[in-house]
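Only one chain comes next, encoded as structure tokens, the form predicted on its own.
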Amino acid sequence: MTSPCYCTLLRTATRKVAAAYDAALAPVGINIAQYALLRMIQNRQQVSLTELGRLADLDRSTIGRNVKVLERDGLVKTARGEDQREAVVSLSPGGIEALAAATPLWEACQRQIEKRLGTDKIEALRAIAHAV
């Protein structure tokens, strides 16, 4: 094989970027995946697990496990939806506080990555993300 595997390149880059965000968010006690879910929940106020899974591009069982961790940590609360067949999730007061503390840390990490990559590479990253 003479060319590098694109999947391996992307996975390596993703691990490095995720590690930077995880380190930035560590003082709040959450990681980037949890932060992203909390923001999705915040943006919808209350969201079904099925819809949250669709938004996060995760299957229903994975999103259920991830939400259970957030619930255990006091960051979200779950309840039955209007039709009683679907669980819905919303931020708890602890989740609201965690997001308030984490957002400036996330923003600082965003700025560091933008500075490290530069405008052209950030635009290329956005183009690649939309293309795949």
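Start at 1 and count along the sequence shown; that's the residue number. Fair warning: this is a prediction, and the values are worked out from it, not measured in the lab.
Just so you know, the form predicted in complex with a further copy of the same chain exists too; it's not on screen, but the next bit is about it.
- The candidate stretches are 44-52, 92-100, 31-39, 69-77, and the one lying within 4.5 Å of a further copy of the same chain in the model of the complex by heavy atoms is 31-39.
- Residue 57 belongs to the set of residues with a heavy atom inside 4.5 Å of a further copy of the same chain in the model of the complex.
- Although the partner is absent here, residue 18 lies within 4.5 Å of a further copy of the same chain in the model of the complex, judged by heavy atoms.
- Heavy atoms of residue 23 never reach within 4.5 Å of a further copy of the same chain in the model of the complex, leaving it off the interface.
- Contact residues in stretch 106-122 (any heavy atom within 4.5 Å of a further copy of the same chain, taken in the model of the complex) are 106, 110, 111, 113, 114, 116, 117, 121, 122.
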